[in-house]
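Shown next as C-alpha cells: one chain only, the form predicted alone.
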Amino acid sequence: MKTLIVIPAFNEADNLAQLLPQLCAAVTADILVVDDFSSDDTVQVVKNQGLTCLRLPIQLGAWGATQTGIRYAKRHGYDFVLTMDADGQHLPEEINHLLDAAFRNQFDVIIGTCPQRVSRLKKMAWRLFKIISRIRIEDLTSGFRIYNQQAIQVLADKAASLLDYQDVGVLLLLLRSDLKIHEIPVKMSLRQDGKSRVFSSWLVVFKYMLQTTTLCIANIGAKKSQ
C-alpha cells in the first residue's frame, strides 16, 4: 500500500529538525511537509533531510495546509494519507500502530487518540460539541489520522476547503459521506516548542468555539432535512 505522511507546518523549523530524523528512521512511507508560508527556516530544514516540501504562497492555516497535502496524495495515486503535527506531539513510533489498524480493518479513517493530553477546559468544550453534533468520537481534535482513498476523495473536494479547522468540521463531513471512523489509543508527548495556534489567545479560542458550535448546529439542520 502506497502511503504518504502529510505534515502541515508554520514556523516549525526547530521542531522539525528534531522530528524528521526520527520519522525517517521509524517509517518507510513517503513524507511531505506543507509549509504554511513560514517566516523561519522550515523549508530549509525539510530540504536538509532530503524530503519534499510544498511552500504555500499565502498562509492557509493548519487545515488548508493539510488539505493541500491530501490533494497532492490524490494527484499522485496514494492509497493512504497519514496526517501528523509538526510540533512533536505525535510520536513516530506510534505510526506503525495506525498503519496496521488501517491495513487490517475495513475503516475509512483511523484516529490516534490520547484524550488525557488535554486540559479540563478543552474536555468541557469537547463534551459540548459531542452533545450538539452527536459525534460519537472520543478525541475530536487529534490530527494524528489515517485516511483511505474514499476519505481522500471527500477531503480533497472543494467543499472541505470551506473549513478552517481539521477537527469537528472534517469529522462531520466524513460522517455525512457515510465513511467509517475508528479510534485507537496512542501515546503522545507535550509540544516541544512554541504554542498552539488554535488556543493561542482568548480571542482565538472564542473564534474557534463560535465557528465550531455553528458547524455543529448546522449539522443538526442538515440531518433533519435529509
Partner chain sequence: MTTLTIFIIGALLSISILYLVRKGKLHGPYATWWLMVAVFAIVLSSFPKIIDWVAVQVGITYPPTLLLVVSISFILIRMLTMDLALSRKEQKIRRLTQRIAMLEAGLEQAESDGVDSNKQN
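Since this is a predicted model, take the numbers as computed values, not measurements. Residue numbers count along the first chain shown, from 1.
What comes next is about the form predicted together with the partner chain, which does not appear here.
- Not displayed here, the partner chain is kept clear of Asp40 by more than 4.5 Å at the level of heavy atoms in the predicted bound form.
- Within this chain, Ala156 lines the site of the partner chain in the predicted bound form, having a heavy atom no more than 4.5 Å away.
- Although the partner is absent here, Val186 lies well away from the partner chain in the predicted bound form, with no heavy atom inside 4.5 Å.
- Residue contact check for Arg136: none of its heavy atoms lie within 4.5 Å of the partner chain in the predicted bound form.
- Proximity to the partner chain in the predicted bound form, defined as a heavy atom within 4.5 Å, holds among Phe107, Tyr72, Phe144, Phe80 only for Tyr72.
- Residues Leu56, Pro57, Ile58, Leu60, Gly64, Gln67, Thr68, Arg71, Tyr72, Arg75 are the ones in 56-81 with at least one heavy atom within 4.5 Å of the partner chain in the predicted bound form, listed in sequence order.
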